[in-house]
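We begin with a single chain expressed as structure tokens, specifically the form predicted on its own.
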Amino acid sequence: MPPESQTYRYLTQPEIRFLDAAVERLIPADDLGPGAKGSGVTGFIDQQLVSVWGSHGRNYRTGPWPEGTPQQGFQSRLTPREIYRAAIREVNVHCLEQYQKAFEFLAPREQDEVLKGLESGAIQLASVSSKLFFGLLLRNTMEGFFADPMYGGNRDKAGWKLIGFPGVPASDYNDLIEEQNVPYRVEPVSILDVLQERVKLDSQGLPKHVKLKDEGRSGR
């Protein structure tokens, strides 16, 4: 989905600008391809936040709320929606106090300083643990970069092309069983491609992969 056609259902414009800047520092663009911003990760996060996951609609939400261990999973009275809304606002307050600019306007080095402060817990936020927010942001950024494009991220399957992931299983795998240590270089196929009938299917409904002619990218 091209950037100009992206529709946001939860995030406000200041929140979109914050996340565009933040996710791009976590997975930056380089000569191997687009980063998280160019791959639509902010749109992916928005889709997750308006989903049942974003409201914790299927989670137990009655306390008590003691501080847990990493092994105990998510431990917060706040939903992901509430965490993002509060944390983005409070990180920008910190940036204005420290640098006199909102996060999106900081130099890359300063943005990295802020993200490291969130990761370590050195930056204290009023409403939510900065470490909790950073962990959620990092996980969602990786999910958005590598998930099927049907969920709003991984635009043009940039994440899959980067690591050589073929996507939806194809019909010709049986012909390759005897091949050993041979890279399987094909144009990735997503569930979205199948749903939108952008790929040919065999009689069993499996997509037919198109082999790439060149070596392509081998990784960052």
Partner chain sequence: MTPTKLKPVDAVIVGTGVVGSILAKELADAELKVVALERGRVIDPQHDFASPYTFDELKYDRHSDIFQDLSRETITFRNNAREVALPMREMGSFKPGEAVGGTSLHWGTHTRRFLPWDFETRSRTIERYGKSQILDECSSQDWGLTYEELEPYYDQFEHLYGVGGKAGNLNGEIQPGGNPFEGPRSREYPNPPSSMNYAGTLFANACRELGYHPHVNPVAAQTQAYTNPYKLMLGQCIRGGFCSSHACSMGAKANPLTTVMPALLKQANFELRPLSNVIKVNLDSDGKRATGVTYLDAAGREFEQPAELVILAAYTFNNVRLMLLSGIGKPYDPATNRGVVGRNYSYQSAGRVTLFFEEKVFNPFMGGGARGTAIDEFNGDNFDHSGLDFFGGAYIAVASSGAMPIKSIHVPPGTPRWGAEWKRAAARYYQRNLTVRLHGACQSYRQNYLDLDPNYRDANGLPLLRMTFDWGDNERKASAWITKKAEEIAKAMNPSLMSAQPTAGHYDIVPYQSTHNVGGAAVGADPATSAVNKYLQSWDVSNVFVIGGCNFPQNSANPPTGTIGALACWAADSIKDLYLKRPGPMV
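Positions refer to the first chain, counted from 1. Owing to the predicted nature of the structure, the values given are computational and were not obtained by experimental measurement.
The same protein also has a form predicted in complex with the partner chain, omitted here; what follows describes it.
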Exercise for review: Find out whether any non-hydrogen atom of Q100 is located within 4.5 angstroms of the partner chain in the model of the complex, and reply yes or no.
Suggested key: no
**Study point:** Exercise: Y84 in contact with the partner chain in the model of the complex, heavy atom 4.5 Å
**Key:** no
Review point. Is there a heavy atom of G164 no more than 4.5 Å from a heavy atom of the partner chain in the model of the complex?
Key: yes
Review point. If you check in the model of the complex, is Q72 within 4.5 Å of the partner chain, heavy atoms only?
Key: yes
Review point. Hey, which residues along 25 to 53 are within 4.5 angstroms of the partner chain in the model of the complex, non-hydrogen atoms only?
Key: R25, L26, I27, P28, A29, D30, D31, L32, G33, P34, G35, F44, Q48, W53
